[in-house]
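Below, in structure tokens: the form predicted alone, a single chain.
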């Protein structure tokens, strides 16, 4: 399972809009995500290499997961192979590989489950499509479970509500448990456990970054905007993806948060021990690691005696915070009444704007024509604010207040039906570049349509992975002229700051 070397130059793959492709068997079979090294695996309490009795261990772990996770068993038992999900996956549409159809990716596990855990599968395997877990199947598990971004678009269209991401997570956890963890996600989880952020950036380095950003904001605006670190007794703890601290276009969003909170007069802080909102254990499927990483946020909030927790622009971080945080770390009842759940930075900014605490002038972004990309883990994994569709309406309200013109992409590619950027779920690695570019095809096609019809200049989003992925792959789709940006970059530029 050696990773293919990253492709340095690929032709644009934008074609006729939303054409269901003819299948190409094995089209992406040779694109493998790098396997985690022994040191990283062992630091997470997992085998450093493929164990000798991998077959028995994998089947044993599958049996445990089926018992522990009722939803997983339901998903494995109820699929009728109706095909409703077939053309809903961006990776199938881009790669043409039939094993990237959601139903086929699920069947990699479902066929093994039926072989070992159903009576018919044990004695008449051919009758129910049951298959042995052999080396060929193991290779397919590692290949195709890491060509899924867990975006859950297929679930929206499934008449039985089968969640492919749950099958993917289970597959990845089983693989890691026998020594085949994925380098990218496992290394990041290891860094957060050791240091508190995905970059492995120590407190002094983080403090230096924030001090430099304060100087940049002062030079640009003439206003002294603070980016405080470990300010005990602050009202609000802000936890954001660590990409916000150093990379474009992310850092401009971080500056936008700071401007908003400064203008609102809110005393807030980052934490050096929980400087990372992203929780890559959601991608690896390991519930113990998921809880451990989430617990850092609770402990930091308690140590700093804050009253509120706010999550920055990160898709899966918000899904974990909104949907799972109470279950993972216990009720946040030590926070201020009315704020005993994590809040999204968009939610906070929207409340401040609606109440007149901050003022936004869209003409400060004159000349920008902006479309909005709904990030999967926000659109299909969480809500926002006090209404069930807040994850759609709140960001759009802020965007409309911050820029002169907003153009929506096709309705079958936005909101709950949004297409993934192609880089989520642990796929954002160099060795996966071919799949990343092809997986971005449906989003690129929808964006290209509004670029041509309405001269869209910017694509705004509220997910760190989406920003990185789209900035990288859109030029491969003849969209180099579109600038990918943080929503709070636009908000920060529109803000009347004093």
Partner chain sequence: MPDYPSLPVVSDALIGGLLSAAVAWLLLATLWRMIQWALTPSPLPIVLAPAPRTRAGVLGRLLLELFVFRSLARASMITWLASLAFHYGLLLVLVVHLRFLIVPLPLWLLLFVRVSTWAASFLVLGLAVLLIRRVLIDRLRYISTPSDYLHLLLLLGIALSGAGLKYLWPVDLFATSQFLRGALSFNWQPLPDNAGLWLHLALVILLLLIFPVSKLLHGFGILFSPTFNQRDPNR
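Numbering follows the first chain given and starts at 1. The model shown is predicted, which means the values in this text are computed figures rather than measured ones.
Absent from the display: the form predicted in complex with its partner chain. The rest refers to it.
Asker: Hey, with its partner chain in the predicted bound form, do 126, 290 and 382 all fall inside the 4.5 Å heavy atom range?
Answerer: The answer is yes: all three residues contact the partner (heavy atom, 4.5 Å cut-off).
Asker: How about residue 190 - does it come within 4.5 Å of its partner chain in the predicted bound form, if we only consider non-hydrogen atoms?
Answerer: The answer is no: residue 190 has no heavy atom within 4.5 Å of its partner chain.
Asker: Whether residue 259 contacts its partner chain in the predicted bound form should be assessed with a 4.5 Å heavy atom distance threshold; does it?
Answerer: Residue 259: no contact with its partner chain in the predicted bound form.
Asker: Even though the partner isn't displayed, in the predicted bound form is residue 82 close enough to its partner chain, meaning a heavy atom within 4.5 Å?
Answerer: Yes, residue 82 lies within 4.5 Å of its partner chain in the predicted bound form.
Asker: Using 4.5 Å between non-hydrogen atoms, is residue 55 touching its partner chain in the predicted bound form?
Answerer: Contact check for residue 55: no, nothing within 4.5 Å of its partner chain in the predicted bound form.
Asker: Specify the contacting stretch among 223-231, 299-307, 173-181, 383-391, defined as having any heavy atom within 4.5 Å of its partner chain in the predicted bound form.
Answerer: Heavy atoms within 4.5 Å of its partner chain in the predicted bound form occur in 383-391.
Asker: Between 161, 338, 356, 330, only one gets a heavy atom within 4.5 angstroms of its partner chain in the predicted bound form; which residue is that?
Answerer: Looking at the other structure, the residue within range turns out to be 161.
Asker: With its partner chain left out of view, choose which of 319, 368, 396, 115 has a non-hydrogen atom within 4.5 angstroms of it in the predicted bound form.
Answerer: Among 319, 368, 396, 115, a heavy atom within 4.5 Å of its partner chain in the predicted bound form occurs only for 319.
Asker: Scan 133-147 and write down, in order along the chain, each residue with a heavy atom lying within 4.5 Å of its partner chain in the predicted bound form.
Answerer: Going through 133-147 in order - heavy atoms within 4.5 Å of its partner chain in the predicted bound form - there are no hits.
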